[in-house]
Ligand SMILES: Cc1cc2nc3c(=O)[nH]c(=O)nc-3n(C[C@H](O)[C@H](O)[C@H](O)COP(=O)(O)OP(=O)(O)OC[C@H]3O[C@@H](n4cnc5c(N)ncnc54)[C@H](O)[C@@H]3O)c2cc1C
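The chain below stands alone, shown as structure tokens; this is the form predicted alone.
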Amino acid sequence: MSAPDLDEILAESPIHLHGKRLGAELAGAFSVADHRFFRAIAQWDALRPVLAGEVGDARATTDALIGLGEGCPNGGLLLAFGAHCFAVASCISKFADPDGARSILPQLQAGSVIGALAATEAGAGSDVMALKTSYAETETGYVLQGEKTYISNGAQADIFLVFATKDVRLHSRGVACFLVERSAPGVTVAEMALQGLRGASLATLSLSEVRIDRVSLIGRPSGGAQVFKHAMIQERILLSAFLVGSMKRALTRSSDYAKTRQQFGVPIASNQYVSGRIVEMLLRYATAKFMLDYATTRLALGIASEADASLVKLCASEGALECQLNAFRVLGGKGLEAEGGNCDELIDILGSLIYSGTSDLQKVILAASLGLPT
């Protein structure tokens, strides 16, 4: 079998092109992912599977998400979309009580309700299961107590998937996942002021003696680790599509600029340092896209592993950062301009090294998959 040629690597399907146009329109219309943002996305049939927490046709979904990522330079909007669909909707679809899922999933899909995943705690670091937010059983349900931070969509969310433990000594064996409504007594949300990913409206969540009923349990009692694992596999793979789209945008912008920008009477593309950077972007984009296609296919088949997700997430986030840095170098002073520069994109891409598990954590997961001591 021959390797695909360059035209095939850079080809844009009709779904990809539609996603690129939609991404640009969304970036122009919204600075933060609110209900109107999700309702606008819900009108595109190609994204209905992921809005319902599924994958659908792997190639069509990949093309749609890469196109969306290429067209939308606001990384916060894309992260918010991923948290809403790839984490919250997918976990509710797979683990929630059937009656509850039938009730909430259509609302998530339509954008009338926004979801957020509340797992991270200030003292837990990359070991999410070392949490201190607690739950206790009551005669009618559960009572939750604790604090969460760096919650994507947190300031806009109507519902939260909250991970809590019945005993900190049990680590992952004591963790459960609960659906908590923002309007519940004892719930307090505070938006975080950050330099990047502003479109995702990151927030902290405080839970003070929050009482919920039994059907709010997502998955089995003490089965929160399984729910979280599912969310991370789904999220890491599908969020990577947006990063691949960012690489494509950086590659195209840099190539076009280098062909037209002249110094000393010749295009700067004739400088081997410049053309070499653009070739490096192509290499990273092509590699990440092939990995993504493989991982998304396995995800659609239900056989994607943690290693699959970590490998594509690591490749896409680190690759997107290098592509945007190279684009900044090619653009030169123009990269700093308010119109046409890529400084905001660079800051958002930096966030991809941290969200959904840091690059270092992905390496630990991959090392363990190879049987290396961690």
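As the structure is a computational prediction, the values presented were derived from the model and not from experiment. In case it trips you up, residue 1 is the first one in the sequence shown, and so on.
The next section is about a form of this same protein that is not shown, the form predicted in complex with the ligand.
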Hey, in the model of the complex, is residue 118 touching the ligand, heavy atoms inside 4.5 Å?
yes
Does the ligand get within 4.5 angstroms of any non-hydrogen atom of residue 125 in the model of the complex?
yes
Contact between residue 150 and the ligand in the model of the complex at 4.5 Å, heavy atoms?
yes
Interface membership of residue 79, the ligand in the model of the complex, 4.5 Å heavy atom rule:
yes
Scan 10, 17, 366, 354 and let me know which has any heavy atom within 4.5 Å of the ligand in the model of the complex.
354
Heavy atom within 4.5 Å of the ligand in the model of the complex - residue from 91, 197, 175, 244
197
Among 136-144, 288-296, 245-253, 197-205, mark the stretch whose residues have heavy atoms within 4.5 Å of the ligand in the model of the complex.
197-205
